[in-house]
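You are given structure tokens for the same protein chain in two forms, set apart as structure 1 and structure 2.
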Structure 1
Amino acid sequence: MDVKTICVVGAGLMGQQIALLSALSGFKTYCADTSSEALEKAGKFADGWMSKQKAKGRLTDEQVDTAGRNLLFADNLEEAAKDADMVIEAAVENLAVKRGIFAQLDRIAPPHAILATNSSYLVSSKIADATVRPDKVLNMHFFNPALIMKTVEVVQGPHVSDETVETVIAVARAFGKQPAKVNKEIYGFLCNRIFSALTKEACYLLDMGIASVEDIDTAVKGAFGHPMGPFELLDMTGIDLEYNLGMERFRETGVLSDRPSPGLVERFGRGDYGRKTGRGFYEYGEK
């Protein structure tokens, strides 16, 4: 399928970047949000990001002008999705909200349009039945910062057609990304699962007194060439987020090893969430 027009739903942290990426990659792009404040911020973000890239010699005047013409903001979904060949939804991580958006999109977007969600954890089979085109509903998972990070996970749930997956992979490549095809739906897809396995083991080793926070981080960075150690990363992404995700997963699976580690629970209980509170696995002083 030939994708020319893309609609991005949600102009928050991820949506604003995905919309700009799409416009810079030559697609006519509509970015929709229910909040006019978010749309205004997204417009400023796009202008600011492109002028910085231009100043560094990474974008030409022509590229900036073309992307500026390609990128349109809309506060109503009707206008944003009515001509879309593909929609990428990046609204809040809430199943009821996403199902509502997909039901609306199903009514508005042309019948051939693919409806993708950038959800971090909600598999598309929980959303696809809100539409009458489940074969065209799938996960297309970007990583933050979406303008920079190369990986995009494209997940083929049991209801998704091969043609849909091929088209989304082609769009991801046109965005300059390296798509990873995930053949089956699984909680956390690939990268969040692998990240979680690494951090879980690091927490276990720490709880057992096998090595210190600093030594585990230094060892992982030095041995695998990771730019950050698991504890530095947990402090950055938030111990509260990791705790909530672990508990949610445990509630879903009932598997004891899915529970957050004792050291993580202890820090969560003290309100030591990482950088944002000034203390997590490391001390950061004032928040």
Structure 2
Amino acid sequence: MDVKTICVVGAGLMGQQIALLSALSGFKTYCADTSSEALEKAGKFADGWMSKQKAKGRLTDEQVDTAGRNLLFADNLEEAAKDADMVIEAAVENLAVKRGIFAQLDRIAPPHAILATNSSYLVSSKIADATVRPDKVLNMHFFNPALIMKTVEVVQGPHVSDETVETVIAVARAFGKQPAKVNKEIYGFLCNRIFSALTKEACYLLDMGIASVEDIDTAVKGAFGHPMGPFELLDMTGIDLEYNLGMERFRETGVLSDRPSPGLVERFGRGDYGRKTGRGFYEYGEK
């Protein structure tokens, strides 16, 4: 594995965590975003998270100091990606936006650099042809919260070389993760397909008045041993994300059953996105 410098594109909820994880794992890491506000929040998040972990005895002073030196923030993508051995894109879940970013990265990043997307659903073959290095473009999907969740899905599309997959799996292991290799591209990969089937049925049961949010979550946790119920998880990952993914899928297939559920649409329309807004399927108080 010859990856020493990593660029993370996007300083939002996932990007800031992936960047901090990379820095803690010993990689020189750039976190890039066009928003200075997002970069400032990401910096404060990193400092706060590491301080808490140090106070709990989970990180040493040396680990915190090293990660602090490794982690750099940039509002200029060229500065962040020009020396990268690997780029992990964690921008909005929109195909046109991602293709634009990858076209930029292809011009900026060194020819040997791997370009990975953290997309939850969009397969890399829809992005790879925006570059001249399709064999080095693939999905590396982290789960929220990326600092905690162990699984990382590594998806090998028909255009991706074995060497690229092996390198990304090695990076995931260096991050302390457990990589799950997906041998063929499929919408939603492994975990989100299973999660979507569960949440779709949970939303149907709620919309039909079969049971309450609380009782459905209680049943799933108690019967299946899940640490969180489907509605608790939707509130954590973001109702806006689930809505946008559902609409993107519906626009692609035209299948009515792919549309987000009425209860999900209602909350999205009110701006009740879950924990990030203080209200979703549950109430969380002020943002």
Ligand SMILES: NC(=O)c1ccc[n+]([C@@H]2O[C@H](COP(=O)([O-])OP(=O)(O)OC[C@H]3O[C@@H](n4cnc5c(N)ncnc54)[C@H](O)[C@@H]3O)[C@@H](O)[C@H]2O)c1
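Keep in mind it's a predicted model, so treat the numbers as computed, not measured. Structure 1 provides the reference sequence; residues are numbered from 1 along it. Rigid core here is just the name for the largest C-alpha set that superposes within 1.5 Å across the two forms.
*Asks:* Where is the form predicted on its own shown, in structure 1 or in structure 2?
*Replies:* Structure 2 is the matching one, since it is the form predicted on its own.
*Asks:* Would you say residue 211 moves its Cα by 2 Å or more between structure 1 and structure 2, aligning on the core?
*Replies:* Superposed on the core, residue 211 moves its C-alpha 2 Å or more between structure 1 and structure 2.
*Asks:* At a 2 Å cut-off on C-alpha positions, does residue 33 qualify as shifted between structure 1 and structure 2 after fitting the rigid core?
*Replies:* No, shifts by less than 2 Å.
*Asks:* If the larger rigid part is held fixed, how many degrees does the smaller one turn between structure 1 and structure 2?
*Replies:* So the smaller rigid part is rotated by 23 degrees.
*Asks:* With the core fitted, just quote the Cα shift at residue 241 between structure 1 and structure 2, in angstrom to one decimal.
*Replies:* Taking the core as reference, the C-alpha of residue 241 is shifted 5.6 Å.
*Asks:* How many angstrom apart are the two C-alpha positions of residue 269 between structure 1 and structure 2, if you fit on the rigid core?
*Replies:* Comparing between structure 1 and structure 2 after core fitting, residue 269 shifts 9.9 Å at its C-alpha.
*Asks:* If the core is used for the superposition, what shift in Å does the C-alpha of residue 252 show between structure 1 and structure 2?
*Replies:* Residue 252 C-alpha displacement between structure 1 and structure 2, core-aligned: 3.9 Å.
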